[in-house]
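First, one chain by itself in C-alpha cells, the form predicted alone.
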Amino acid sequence: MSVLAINGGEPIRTQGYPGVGSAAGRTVGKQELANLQQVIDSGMMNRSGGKFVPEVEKKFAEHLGMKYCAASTSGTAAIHVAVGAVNPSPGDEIITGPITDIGTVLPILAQNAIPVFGDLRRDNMGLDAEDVERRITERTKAIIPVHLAGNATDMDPLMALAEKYDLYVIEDCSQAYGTLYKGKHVGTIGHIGTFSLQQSKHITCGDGGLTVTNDDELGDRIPLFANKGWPNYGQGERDYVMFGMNYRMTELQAAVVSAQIDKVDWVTARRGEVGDSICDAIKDYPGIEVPSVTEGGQHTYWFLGLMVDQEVVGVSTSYLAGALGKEGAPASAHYIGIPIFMYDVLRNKKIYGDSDFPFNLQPEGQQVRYEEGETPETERILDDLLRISVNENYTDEDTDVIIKCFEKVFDNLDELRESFKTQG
C-alpha cells in the first residue's frame, strides 16, 4: 500500500506520452517528404492535372474494397459531400448521435435539413436503433451513425431500419479507421462512408476528408458535389450539372495522405494492441466497464472510453480521472461534456440570421427539441465516461505504466474515497 499521488504520494510516472500534436505521436516522415518534393518539383499543387489526389482516391477505395472514393478538404467536408449527394429537401430530417464533433451536424444544416439526435447505447456509445426508430418521421431522409473512439456502432439494426423506411445510411468514421464490425470495415456497411484526416486522427495530413461508396448513382454525385457540380474536376469542357461546393483536396495534402494510407494498417493494429492490453488488465476492477466489441469486430482506440459506475467506485468520474492523472496515466473525464445539441449554436436554433429556418419547416407540435433530458442515456454516458488516451507510438512500457496507475488507484480505493469526501 502506498499513498496516492493525489494525496501527496509519489507518482508512478511524471513524464508525458507520445501525442498527436507532435512528431512523437505521429507516423509522418521520409515518404511524406519525398512525395511533397515531387509536388513542389512538378509545380502542380491543384488536383486538376496532379497525380496524388487520384492516387489517394484509388488507394483508399482499394484499401476498403469500395468502388468509389472522393477526397476533400476536411472530415466535415467529407460528410457534407455525402449529405449533398443524397440531396435532402429543405426541412428533411437526418438522425445522428449526440456525442460527436459539430462537424457531423453542420453539413446537415448546410443542406437546410434538420438534425435529429437519437440516444446512444452504453456498451459501444453507438446509436440505439430502438430510439432511432421512434424518431423516424415521414420527413426522415438519412441516418448518420458515428463510430466513436474507434469502436463500431451496432450496424445491423440500423441497416434494417434503413431498408424498412427507405433511408440512406451515412457512416461517420472520423475516429474509426480500421474498425471492424462483424469482419467488415466500418464505412463499407452503409450507403456512404466518411473519414477525417484531421491532425488527431489515425492518419492525417493536418485536415482532409475521404468519402466512399459502392453505389453507382452516389458514386457519380459525390465527386460532383466536391467540385462545384463540374464533371471531371475541370479537365473537360466547362459545365455545371448540380449544386456543389469547392472541397477539392490539394496535391500537397494528398502527397501526405498517400504515404499515410500505406501506414494505416500498422497504426490501427498497434492501437488495438495497446487498447486491448489495457482493457484486459482492468476489466475486473469494480465499477469499470470496458467497451463491448461485436464478434468479429476490432476496436482501434482513437481513445479508450471506459464507463465508470460512480456509486460502485465511490468517487466521481472527474475525481477518478484526476487520481489516475496524478499517478501518470493519460486520463480525462466526460469528453465533450454535454450532448452536442445543448451547445448554443444548436440549442438556440438560430442558424441563418435571426430566422428559425430550417426548423420552422417542421409541422406545428412536431418540432425537434434540443433540451436536457432528450437523450438521457447519452447524458449518463457523458457523466460516467473516463477517457484514456491511446497512441500507436506507445511503447510496451508506456502501456504497463497506465496499467500500474490503475492498479495503484484501485488498490487504494478506501483512501481515494476518503479523500474524495474531503476534497472532491
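It should be emphasised that the depicted structure is a prediction, and the values quoted were computed from it without experimental measurement. A residue's number is simply how far along the shown sequence it sits, counting from 1.
Beyond the structure shown, there is the form predicted together with a small molecule, which is absent from this document and is the topic of what follows.
Participant: Just checking whether residue 196 would be counted as a contact of the small molecule in the model of the complex - the rule being heavy atoms within 4.5 angstroms.
Facilitator: Taking the distances in the model of the complex, the answer for residue 196 is yes, it comes within 4.5 Å of the small molecule.
Participant: Find out whether any non-hydrogen atom of residue 201 is located within 4.5 angstroms of the small molecule in the model of the complex, and reply yes or no.
Facilitator: Yes, residue 201 lies within 4.5 Å of the small molecule in the model of the complex.
Participant: Residue-level contact is defined here as any heavy atom of the residue lying within 4.5 Å of the small molecule in the model of the complex; does residue 277 satisfy this criterion?
Facilitator: Taking the distances in the model of the complex, the answer for residue 277 is no, it never comes within 4.5 Å of the small molecule.
Participant: Contact with the small molecule in the model of the complex for residue 169, defined as at least one heavy atom pair within 4.5 Å: yes or no?
Facilitator: No.
Participant: Three residues, 74, 79 and 104; all within 4.5 Å of the small molecule in the model of the complex via heavy atoms?
Facilitator: Yes, the whole trio is in contact, each within 4.5 Å by some heavy atom.
Participant: Pick from 267, 256, 114, 146: which has a non-hydrogen atom within 4.5 Å of the small molecule in the model of the complex?
Facilitator: Exactly one residue meets the criterion: 146.
Participant: Name the residue from 190, 150, 208, 98 that puts a heavy atom within 4.5 Å of the small molecule in the model of the complex.
Facilitator: Only one option qualifies, and that one is 208.
Participant: Looking at 214-222, 238-246, 114-122, 171-179, which one sits within 4.5 Å of the small molecule in the model of the complex if you count heavy atoms only?
Facilitator: Contact criterion met by 171-179 only.
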